[in-house]
Ligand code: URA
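Just one chain is shown here, as structure tokens, and it is the form predicted alone.
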Amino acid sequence: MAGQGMRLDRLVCEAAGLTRKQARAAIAAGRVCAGGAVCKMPDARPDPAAVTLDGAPLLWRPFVYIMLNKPAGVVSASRDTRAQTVTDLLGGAFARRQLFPAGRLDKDSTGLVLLTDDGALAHDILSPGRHVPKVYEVTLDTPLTAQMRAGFAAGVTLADGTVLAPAEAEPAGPDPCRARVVLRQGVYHQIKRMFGVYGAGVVALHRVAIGPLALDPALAPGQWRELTEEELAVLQK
């Protein structure tokens, strides 16, 4: 939807990352100007390029892109009536956006989740034909073996007969039970099922990258930030 013709309260919501209640409060307090004049009408439809909040221009954009460090126990979904979701971690920011995770992580897994409302980009990331690599740090209950590494490289056949695409499993540091896994497809509980073929259990799974987008090490579990212009440009390629 183009920004032109959008209600002022929705424009402030989406451009400033506020809830509708917060946006209306800002408008009522005279903090929002349109065309250089204070505008206290939430249903006004001004030129987005002429709107300011507290004197700063509001930069409305058609889509939002958020990097989130998912903690364990949180569901990779937009809504869930029984558990906390990744969108709940935003704390009401971008409440008017229809954000969703572009790629899921199991509830007990952690790490990088990309939240967006850009369906085309999400499709490109998730499409099997694109072969976008996802990188994980995995802790096993047994050491990584040469057999596992060779089997991943050749393409693991799961217990139900599903033949998976080749993947990478390499040591991740001096701990023999830690591995760096790279996948280029997405199958339910894929990493756990792949290691299960070799009798190994996954103790912890942490996603560190999606394609060229790496998880910001400054983000603690549960924290998030918007992508930089540089990160987005690289991801869109």
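The first residue of the shown sequence is 1; numbering continues from there. Quantities reported herein were computed from a predicted structural model and do not represent experimental measurements.
As for the form predicted in complex with the named molecule, it is not shown, yet the points below apply to it.
- In terms of contact with the named molecule in the model of the complex, the residue from A172, A26, I191, V64 that brings a heavy atom within 4.5 Å is I191.
- Checked against the named molecule in the model of the complex, the residues L105, L114, V156, L99 give one hit for a heavy atom within 4.5 Å, which is L105.
- The candidate spot formed by S109, Y136 and L205 lies fully in contact with the named molecule in the model of the complex, as each residue has a heavy atom within 4.5 Å of it.
- Stretch-level contact analysis of 33-41, 54-62, 183-191, 208-216 against the named molecule in the model of the complex, using heavy atoms and a 4.5 Å limit, identifies 183-191.
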